[in-house]
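What follows is one chain in structure tokens, specifically the form predicted alone.
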Amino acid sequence: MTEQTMTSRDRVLKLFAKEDIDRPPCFSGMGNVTAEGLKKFGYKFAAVHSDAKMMADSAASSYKLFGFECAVVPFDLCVEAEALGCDINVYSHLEDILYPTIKTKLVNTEDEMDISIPSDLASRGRIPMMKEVIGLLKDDVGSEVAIGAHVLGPFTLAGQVMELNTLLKLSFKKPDKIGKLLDMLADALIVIAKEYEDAGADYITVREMGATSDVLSPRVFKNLILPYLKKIFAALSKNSVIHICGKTNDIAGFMVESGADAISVDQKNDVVETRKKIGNDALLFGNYDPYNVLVSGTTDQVRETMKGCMDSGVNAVWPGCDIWPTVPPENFHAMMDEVKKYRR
């Protein structure tokens, strides 16, 4: 297929299948709602987190306005913790762009770690809404772009449901106890991810952001984190991506070993070195800075960065984290234009 006949959906799905494509796709498995998209519908950022139609419209707008080659939900990182019983704050009284945060945690001390998965997890919190959003996206743009959804990784989710200092301390002092918690959270994440798959998501990104080499050693990652990532990816039936923030070259091999179909790395990594570590067969997504380049950079910097990513050997141009909503339209257009004209 040529650029003229290959849709964005074709390009992404063929990439996951490791079939020939005309160029690297430019997409994401993380949040990519923009202020321009919200303005198009007159939506407030705080409102879209709790309304299926608003979220679907906003998620599709990055494709409709800029040609971004996906539509992804949710926009925040609290869906799983909320379904498990945490209270969240969506800042509905504010006009500013603030992402929902955890207001009350389930675990405050080591003695409170014996928690369990609610039997009705799939129907709790905003899980049903996310399934509705995925369905709306499939109906709206699903024939043109791949629909993505993301869940947290077990260690990152543990940092949402319990005090982070306690989690980090026990990870070193009592790894068996943390392992038991991560095993339970992996089971919960499998339930949620499979709900998203059943709703029509074409790919699932597992965001294990808290397990970066900036925080944990490769040995701790291999022994404490990797087994539960393997458990999750073994249970998924659709295309999958593992994303970890920060420096990950020391654990890139383990990321591939997790069983994900692709690995996503952020801007702190030299992807030429990443490619050397994982070989040519593994799918590597990355790795532009979604704020300091896409939001704050000039159009020339955006173009140079995107070309640099592709020249470095990534299989898809993919942000290091969520795209910040205030990205200037001219920068988004410059990114897409640079990618579309690229040929290796």
Partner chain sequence: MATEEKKQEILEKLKNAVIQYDEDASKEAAEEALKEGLEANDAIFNGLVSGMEEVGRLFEAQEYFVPELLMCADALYVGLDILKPHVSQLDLGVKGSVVIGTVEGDVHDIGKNIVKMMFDVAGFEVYDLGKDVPLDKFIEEQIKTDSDLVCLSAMMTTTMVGMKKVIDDLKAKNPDIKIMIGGAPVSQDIAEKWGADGYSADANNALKDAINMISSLKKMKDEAEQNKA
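Positions refer to the first chain, counted from 1. Worth saying up front: this structure is predicted, and the values here are computed from it rather than measured.
Keep in mind the form predicted in complex with the partner chain is missing from the figure; the text below concerns it.
None of 113-121, 145-153, 209-217, 186-194 except one has non-hydrogen atoms within 4.5 angstroms of the partner chain in the predicted complex; the exception is 209-217. This chain is displayed alone, yet in the predicted complex one of 238, 180, 169, 222 has a heavy atom within 4.5 Å of the partner chain; that residue is 169. The partner chain is not drawn, but in the predicted complex it has a heavy atom within 4.5 Å of residue 94.
Taking non-hydrogen atoms only, residue 234 never approaches the partner chain to within 4.5 angstroms in the predicted complex.
Using a 4.5 Å cutoff between non-hydrogen atoms, residue 272 does not count as a contact of the partner chain in the predicted complex.
Although the partner is absent from this view, residue 324 contacts the partner chain in the predicted complex, with a non-hydrogen atom inside 4.5 angstroms. Within 4.5 angstroms of the partner chain in the predicted complex, the stretch 286-317 places a non-hydrogen atom from 291 alone.
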